[in-house]
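First, one chain by itself: the form predicted on its own, in structure tokens.
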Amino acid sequence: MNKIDSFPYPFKENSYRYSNNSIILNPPNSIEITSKYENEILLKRTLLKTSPSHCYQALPTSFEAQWEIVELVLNHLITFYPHYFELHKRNGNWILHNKILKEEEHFIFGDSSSVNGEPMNFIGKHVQEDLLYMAQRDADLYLDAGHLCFPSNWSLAFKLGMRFKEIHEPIPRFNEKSLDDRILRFIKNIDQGNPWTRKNWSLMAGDRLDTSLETFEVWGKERKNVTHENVGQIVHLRVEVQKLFRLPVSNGLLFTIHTHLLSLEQLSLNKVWLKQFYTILSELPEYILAIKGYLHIKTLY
């Protein structure tokens, strides 16, 4: 399977506006293993060593929920990818076999001292997805923990502890027609056992997965290299496949985020996609073009 065949193209219509584009997740799998697994896991582990504060932040009250996340993700790994992962339990002693990496992890479930790093980092270093935990309390959602190696132009350290609306405040007109209220209400009403999924997209110069605000001086420079001649190779459509799961004990929410990149040159191989994407960009209002990264690139070539 080539890149374009496996790419999660995000558009169904010929126009785009902010909306709650969530659909029921079927099958209810929080994790996807792709051909890029080994490379992305290596990159994750490198980032966790070199930039730990960029990649992991948590409030102390999140640790019970983090172990819920470990259990949920492990169950999905062994259920949906049994040829790659095995899990053996003996009382509280668990052994994870990662057959792709030929690794064996021994730990005591619920004991953070038995894992290398905090629980979300422990399980996060075995999956391509980033993991965010939103606590639900006081009729609101709060970002209480995150394992975030591949952010799309934001800072986990800055956003930690923020409410849902505070997190999304930089998005222009996100509160128009009470869209922020409707999405917040929708997420708060997600039931256990009924996960949802959605896709978010942007355009970026380069194929870097780690585009945190803290590293902007590194990846932001790539925009200046875009020309008419190389735009197809340098500019990429970046799509995040986001999945939302209600946790049974904490009653919080797990967001898994799997990031995919496709160059415009590769996208152009699918003529239907190319025509539709051109139509979408042509009619998008400027405030959405700006937040999606298009204006920053367009003005440079």
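From a predicted model like this one, the values you see are computed outputs, not experimental measurements. Quick note: we count residues from 1 along the sequence shown, nothing fancier.
Although not depicted, the form predicted together with a small molecule is the subject of the following passage.
Judged by heavy atoms within 4.5 Å of the small molecule in the predicted complex, the contact stretch among the candidates 227-235, 114-122, 78-86, 183-191 is 183-191.
Every residue of the trio Y18, S22 and I171 has some heavy atom no more than 4.5 Å from the small molecule in the predicted complex. The contact with the small molecule in the predicted complex, taken as any heavy atom within 4.5 Å, belongs to R198 out of H126, R223, R198, R208.
Proximity to the small molecule in the predicted complex, taken as a non-hydrogen atom within 4.5 angstroms, holds for one residue of Y37, F63, F255, W273, which is F255. For the chain shown alone, F109 is not a contact residue for the small molecule in the predicted complex, no non-hydrogen atom being within 4.5 angstroms. The small molecule in the predicted complex comes within 4.5 Å of no heavy atom belonging to M204. Within 4.5 Å of any heavy atom of the small molecule in the predicted complex lies no heavy atom of F216.
The small molecule is not shown here, but in the predicted complex it comes within 4.5 Å of a heavy atom of L244.
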